[in-house]
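This document opens with one chain alone, in structure tokens, the form predicted on its own.
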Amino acid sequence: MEHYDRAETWDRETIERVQLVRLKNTLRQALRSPFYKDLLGRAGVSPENMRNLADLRQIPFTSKEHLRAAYPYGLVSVAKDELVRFHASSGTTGTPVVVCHTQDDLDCWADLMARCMHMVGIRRGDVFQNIAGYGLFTGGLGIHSGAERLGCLTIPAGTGNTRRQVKLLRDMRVTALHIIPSYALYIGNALLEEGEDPRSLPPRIALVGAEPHTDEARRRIEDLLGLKAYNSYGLSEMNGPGVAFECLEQNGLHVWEDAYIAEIVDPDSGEPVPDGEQGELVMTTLCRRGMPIIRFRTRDLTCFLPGDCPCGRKHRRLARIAGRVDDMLIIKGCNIYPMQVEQILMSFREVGENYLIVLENEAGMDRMRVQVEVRSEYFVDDMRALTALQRKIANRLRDEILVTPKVDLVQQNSLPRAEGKAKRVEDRRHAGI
């Protein structure tokens, strides 16, 4: 296999030996911050306590609430004049979650992102269009830095303005791009509606992430745009994109264990779960000086895939993110994740790319309604065919989520659309709607 750096091909023994050394160094660095000096001191934890990686469990978890309470500089572990970049997580109200970086931190991040891109076939000389938000959001600048580090001609296109995006893709003969899944489908269908073939666009590789999506949605992107789409995982607290990435096998995301320690724990007990069993992802930085974060509860649900990857890399693989602990819907006593609904919907060829889960309250009972766009060629006058499709979708959803939702079939392009992250759940239970 081709690789970007030596760490990409380390064996398990080397990975774990380096992890332990870097964990101890990270603890020494973290103790310089007011937050971790207090947290680790109260827990009686020191670098000398870390005799093996299992000893990491002596350290209490860190959460978003901790990071907000320490805003803005409570977790910073260097002198302020060493900091060169500040990012804040998107989608928060009130006190944000912020991460500060030194130049060394940014260089490490760029190398990790370049490693991800190289792994899926992007090389120096590729033309890379970054269709992501820049600014406090980490996705834009993180992937941009990786593309430049790799030697790509990098286009900071940003989000929105579909006509401009398509013009750049064509005129600059773009070979690879970064895009969120719902916007990739949006662009493809916008071209179809104008009578153009989306597969005529030049890119051969798409990096997709920033919002949850199923493997069915990925296959639709690949079929619609005529390229290979690789799943990316990252979060602002761990830098942003570049934490874990699919290889050419497209069977799990390699988490870069020379830069992070990943754990999967039971969301309730906090105890580790076996490989193959779903739990909450917990992450620790190993190469960040400005603001190390230790045992951070991501709230993302996934599992470690057992066995080795056919690509030969020994960095462990995460399964596709199944949802979030705090995105879980409870309807009639059943735990439901939006990704379960999407997986069923995307298995129907009649269903378009857009849908909306609506939560309602009728006579004191919570109910779920799923509004589903049907492709134009299937939205016919034959009510029997539509009723049969409606019933079939409802039954498949019931088998998956153990609740029978009301299914509304609507015309293609009739649900609200966004050029940013798609809104998939609308809670009307307490809004008087």
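This structure is a prediction, so every number in the text was calculated from the model and none was measured. Counting begins at 1, following the sequence as shown.
Missing here is the form predicted in complex with adenosine monophosphate; even so, the following discussion is about that form.
In summary, among the residues 284, 145, 236, 175, the only one with a non-hydrogen atom within 4.5 Å of adenosine monophosphate in the model of the complex is 236.
Out of the listed residues 300, 126, 360, 350, 300 is the one that sits within 4.5 Å of adenosine monophosphate in the model of the complex by at least one heavy atom. With a 4.5 Å cutoff on heavy atoms, residue 232 counts as touching adenosine monophosphate in the model of the complex. When adenosine monophosphate is considered in the model of the complex, residue 137 lines it closely, a heavy atom lying within 4.5 Å. In the model of the complex, adenosine monophosphate sits beyond 4.5 Å of every heavy atom of residue 228.
Proximity of residue 417 to adenosine monophosphate in the model of the complex falls outside the 4.5 Å heavy atom cutoff. Only one of 263-271, 211-219, 70-78, 115-123 lies within 4.5 Å of adenosine monophosphate in the model of the complex by heavy atoms, and it is 211-219.
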